[in-house]
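Consider the single chain below, provided in structure tokens and representing the form predicted on its own.
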């Protein structure tokens, strides 16, 4: 398996942290840079979380840069009800000597792409504000992007709203810009995101075990989320964004369909990724109401046990 050069764009909350740990550990992934954007937490917190998680992964000196503090047009939002006030569900990590680069996220992405001898995969695990700014201000780098893999969207239901997934809903204009940038795109949405879990018993064992990394992973997996109607906290066990990184190294564990996709920008459907899974064109095509679509690869099903095992094995936590 060839080593895959990647740039990770994150809003480091609980599941971004799991994804960073996996990416920094897997031998087939070469993390060239990590860029940060406001989303699960405010930008300053996202940067601090990212630096500390890289310490927990014992990662090499990977450049990290701060990016957009808010969406392109919408008001700033955070997901503290999911990730806690600190973005990591209250997980306490030691202070870090790592420091963010003195350039913006967009500039770090531009330099990393230009300096690379081979195309680089951009892995967006957050609202795509940084990526939209990159493709609009530096279109010359598009030819250096292998593809964009993003965690976001859904071909079915949403979570931020009934139809919209959080990352796309947070900045739908940015997602629409990235979708239309002319670069190959792979969508790892809620259809697969919500399937890959680790049993609570495993997470609890890791959280109190001898491995420092295992204790971090166990605590992150053990983060409780208010999902039920009475807002009581429940265990989900989701590896979340880490699944999008697993897709880089185990693509055959996914069922992927090549489908037209668009991002809705108005009304209640704002932030929805509309995935056209019809076998035949419908009345919209007949009557001239098709609109703008981009054909991309969409993950619609996953071998969830395989991804969960891959995640734990890569981190040396499979027991």
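These figures come from a predicted structure and were not determined experimentally. Positions refer to the first chain, counted from 1.
Note that the form predicted in complex with a small molecule isn't included here; everything after this is about it.
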> Is there a heavy atom of residue 131 lying 4.5 Å or less from a heavy atom of the small molecule in the model of the complex?
Replying inline: no
>> Quick check on residue 186: any heavy atom within 4.5 Å of the small molecule in the model of the complex?
In response: no
> So, in the model of the complex, is residue 40 in contact with the small molecule at a 4.5 angstroms heavy atom limit?
Replying inline: yes
> So, in the model of the complex, is residue 247 in contact with the small molecule at a 4.5 angstroms heavy atom limit?
Replying inline: no
>> Considering non-hydrogen atoms and a 4.5 Å limit, which listed residue (159, 121, 112, 236) is close to the small molecule in the model of the complex?
In response: 159
> For the chain shown here without its partner, which stretch in 113 to 121, 137 to 145, 151 to 159, 93 to 101 has non-hydrogen atoms within 4.5 angstroms of the small molecule in the model of the complex?
Replying inline: 151 to 159
